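Quick heads-up: it's one chain on its own, the form predicted on its own, in C-alpha cells.
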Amino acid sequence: MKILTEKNLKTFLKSAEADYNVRVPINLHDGTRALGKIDEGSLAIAGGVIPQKITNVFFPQMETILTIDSEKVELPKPSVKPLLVIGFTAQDADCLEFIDRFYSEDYRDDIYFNKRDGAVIVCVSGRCGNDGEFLKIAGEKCDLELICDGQNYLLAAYTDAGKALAENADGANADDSVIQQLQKESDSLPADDLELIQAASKLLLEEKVPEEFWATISDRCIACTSCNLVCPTCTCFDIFDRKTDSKVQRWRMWDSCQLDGFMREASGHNPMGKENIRTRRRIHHKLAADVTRWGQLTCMLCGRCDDVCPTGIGIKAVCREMVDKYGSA
C-alpha cells in the first residue's frame, strides 16, 4: 500500500487518462463538488459524499438507446476507453453493487453495461469527510481505494485492474500501524442509521404503519423530485422518441415516483394518482418491497435525499418519525 500526496495523486490520475476516461471530484465555480474531468476544475477528493447521483456515470439522466433510419437500427457503441471513476463512498459502492444486479438479472441491459464493463471504481474513505467526518473504509467493494490519514492518501488495490493501476503510482510504502489505526476507526463507526432503517423496514413488512402517516408525510412533499434525482439506487426511467427528417432516436430519461403521471396508463387510469400513495411507495419500495423481491434493503444510507429535501422528508427523517410513532406498537 502506497502513500500519495495530493500532488502525486493528481499526477497518478493524469497518467491514467492514457487508458481510461477519468472522472474525479472537482470544485465547481459556485463552491459545490461534482464529478468531472481533471482539467475542468480543481481536484476535490475530500469533502464527503458527492451531492449528485454518482451512479449516473453508468445510468445518465438522459441517453439515446437506439437510432432508426431508413436502412438500419443502431445501438450505442461502447466507449473506446473504459471509465475510471473516483469519489464513491463505501455506501455508494453498495448502491453500485445493487444496480449492477438490477441491470443484469432476468434481462441484461447492454446500454448500461456498455459503460459499466471494464470500469474501475475508486472509493474514497478515512479522515476526509465533510467537516472532518470519518468515511467508512469500503475494502473489496471497489477496485482501488484512497484512504485519507488526515493529510495524505493511502492507495489500496483490491482487484487485478486496481493493482495494475496502483503500480504506476509514485509514493512511499505505508506504515502498517497507520493502516490498522484507520481500519479500527472505520470498524468503530456507529450503526445508528442502519438500525433505524432496519426498524422502519420491520414496521413496514409487518404492516404496522397506517395510511394516515403517509398522508401526513405527503402533505409536506412539493414533488420537486430531488430525492429521486440524487438517489444512486433509483432506476426508474421513461421512454420517448424524437423524430427528425432522416431518423428517429429513442431516448430514456430518469422518471420519478413523486410525479403525478408516474404510473398513469393510456386509458387515463392512474393507480398512483394520490400523493400519499406515491410518497408511501418511495419509502416502502426501498425498505419493504425490495426486501421481498431482492432480499435486501435498497437504501444504502448515502444520505443524499435527506441532504437535498427542502421539506425534511428524506428517507432517514421519515424512518425516524415512523419508528418514534409506531416502534413500540
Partner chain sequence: MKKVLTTCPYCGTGCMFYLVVDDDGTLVGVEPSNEHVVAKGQLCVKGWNAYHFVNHPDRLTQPMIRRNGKMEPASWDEALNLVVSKFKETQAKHGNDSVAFFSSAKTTNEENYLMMKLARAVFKTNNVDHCARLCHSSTVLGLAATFGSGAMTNSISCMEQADCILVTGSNTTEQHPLIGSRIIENVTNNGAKLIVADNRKIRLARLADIHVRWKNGTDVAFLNGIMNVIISEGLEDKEFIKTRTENYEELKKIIADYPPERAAEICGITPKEIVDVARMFAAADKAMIVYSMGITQHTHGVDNVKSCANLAMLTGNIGLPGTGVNPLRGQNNVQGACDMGALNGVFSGYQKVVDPTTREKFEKAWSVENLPAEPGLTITTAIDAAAEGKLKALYIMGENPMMSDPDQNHVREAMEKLEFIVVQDIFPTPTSEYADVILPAASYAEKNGTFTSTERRVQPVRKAIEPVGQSRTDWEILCDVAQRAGYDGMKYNSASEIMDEVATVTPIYGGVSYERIDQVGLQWPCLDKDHPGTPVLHSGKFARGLGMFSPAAYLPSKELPDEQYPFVLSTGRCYFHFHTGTMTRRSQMLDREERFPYVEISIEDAKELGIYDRAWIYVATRRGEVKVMAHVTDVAKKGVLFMPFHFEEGPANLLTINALDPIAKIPEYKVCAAKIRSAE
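As the structure is a prediction and not an experimental result, all values here were calculated from the model. Positions refer to the first chain, counted from 1.
We do not show the form predicted in complex with its partner chain, though everything after this point is about it.
**Study point:** Among the candidates 51, 47, 41, 303, the residue which, in the predicted complex, approaches its partner chain to within 4.5 Å (heavy atoms)
**Key:** That would be 51.
Check your understanding: residue 296 near its partner chain in the predicted complex, any heavy atom under 4.5 Å?
Key -> Residue 296 lies outside the contact set for its partner chain.
Check your understanding: Does residue 309 reach its partner chain in the predicted complex, with heavy atoms at most 4.5 Å apart?
Key -> Taking the distances in the predicted complex, the answer for residue 309 is yes, it comes within 4.5 Å of its partner chain.
Point to revise | Contact of residue 230 with its partner chain in the predicted complex (heavy atom, 4.5 Å) | key: Contact check for residue 230: yes, within 4.5 Å of its partner chain in the predicted complex.
Point to revise | its partner chain contact at residue 274 in the predicted complex, heavy atom, 4.5 Å | key: The answer is no: residue 274 has no heavy atom within 4.5 Å of its partner chain.
Review point. For the spot marked by 218, 222 and 255, is every residue within 4.5 Å of its partner chain in the predicted complex through some heavy atom?
Key: Yes, because 218, 222 and 255 each have a heavy atom that approaches its partner chain to within 4.5 Å in the predicted complex.
Review point. 133-141, 165-173, 246-254, 149-157: which one contacts its partner chain in the predicted complex at 4.5 Å, heavy atom to heavy atom?
Key: That would be stretch 246-254.
Practice item. At a 4.5 angstroms cut-off on non-hydrogen atoms, which residues of 57-78 are near its partner chain in the predicted complex? List them in order. Key: Residues within 4.5 Å: 61, 62.
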